[in-house]
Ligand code: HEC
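First, one chain by itself: the form predicted alone, in structure tokens.
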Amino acid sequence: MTGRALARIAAAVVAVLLSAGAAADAGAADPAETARILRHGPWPMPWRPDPGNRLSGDAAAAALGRALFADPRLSADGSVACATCHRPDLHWTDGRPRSAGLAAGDRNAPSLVDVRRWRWFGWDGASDSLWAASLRPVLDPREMGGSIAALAGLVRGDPVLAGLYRQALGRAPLADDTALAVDAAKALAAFQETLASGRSPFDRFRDGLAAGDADAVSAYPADARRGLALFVGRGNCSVCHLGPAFTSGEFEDVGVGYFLERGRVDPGRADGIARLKASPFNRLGPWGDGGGADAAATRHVASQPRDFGLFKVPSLRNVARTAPYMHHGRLATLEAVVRHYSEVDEERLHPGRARLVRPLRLSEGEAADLVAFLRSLTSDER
């Protein structure tokens, strides 16, 4: 978009704000600020199937995945399903600071909404595909404690699951346990791909701004407008929470602790890379359907000392529905998250990395405005 076009949009916004008696909000009319706002859309973004999963985007495979997702028989003792930690009534989280399967976990369960768009999966990025990320908790002894053989045996032996498998794959369940378990994981991924967020009040404002639609612009709440100006301006939040999805999808240090308890830490991305490289189910391995053509990021990623204690930048879409926050779930509310960034202790940030986080020193009103903006990222539908 040209500078002249941005100037015309800005002028229209000024007129709307002044006509509404909201001159104090006219900062949103600055052309540079307007350009930063427009980069957070449009939404939804185009999506393409995962080239490493031949079941990606397939409705029959998604039906099999849905059945598997809700089935506690995937766990060793029949007590834990994928849906235990990713509940649809809690925006596909579990609402707990740290999730618990067969044993207590160390991390917060992230929402699965829009998970189809990511490149790395999990707080540490230990998986490079959604299907591999779906298989990992089934096999983790603390989460579901299952096995390749048990998963394959369940699909092969249950008439309903076997029937859904035939509909999705066009054949009877395979005799090879690993191949059948991988097919099940790919079906789980196909189901999760259907979990997508809708449009929000912010999107209507953003698109109104792009189109010069005075009604759409003026309908956006004044406190959310002020919070948005902080977000793309002095707060510098959009350095990490960028683009239409409000995330870089990468890993950063935001000054939250990685100590779990006395004598035990969560190494974050450093351990995630090591586990990714060691996994037979990564994009470089034999089980993907892309022939390794989609594996460049996996091939070249390498763990560095500076990766220790880094965690994935989450999307902010629907963030108001996914409390508690951070990888360890220690911040209970959006107000607590904003307070953290207002008062972050720079001494807790990793040495040797570019420090993207600075204490914002927000006033009480500014903090409330930033929370109002974050709430405006909530999709209209439940």
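All residue numbers are counted from 1 along the displayed sequence. Remember, predicted model here, so these are calculated numbers, not experimental data.
We do not show the form predicted in complex with the ligand, though everything after this point is about it.
Worksheet item: Among 175-183, 284-292, 202-210, 307-315, which stretch has residues whose heavy atoms lie within 4.5 Å of the ligand in the model of the complex?
Response: Of the options given, it is 307-315.
Worksheet item: in the model of the complex, do A190, G198 and A245 all reach within 4.5 Å of the ligand through at least one heavy atom apiece?
Response: Not one of the three qualifies.
Item to complete: Mark V265 yes when one of its heavy atoms lies within 4.5 Å of a heavy atom of the ligand in the model of the complex, and no otherwise.
Response: No, V265 is distant from the partner.
Worksheet item: So in the model of the complex, does any heavy atom of A60 sit within 4.5 Å of the ligand?
Response: Output for A60 is no: heavy atoms all beyond 4.5 Å of the ligand.
Worksheet item: Would V319 show up as a contact with the ligand in the model of the complex if we use heavy atoms at 4.5 Å?
Response: Yes, V319 is a contact residue.
Worksheet item: Going by a heavy atom distance of 4.5 Å, is R136 a contact of the ligand in the model of the complex?
Response: Yes, R136 is a contact residue.
Practice prompt. May I ask you to choose, among A81, A214, A150, L164, the residue with a heavy atom within 4.5 Å of the ligand in the model of the complex?
Written response: It is A81.
Discussion item. I need to confirm a contact call. Of A270, L169, V256, A76, which residue comes within 4.5 Å of the ligand in the model of the complex, counting heavy atoms only?
Written reply: After the contact test, the surviving option is V256.
Worksheet item: For 220-248: residues with a non-hydrogen atom within 4.5 angstroms of the ligand in the model of the complex?
Response: Result: F231, G235, N236, C237, C240, H241.
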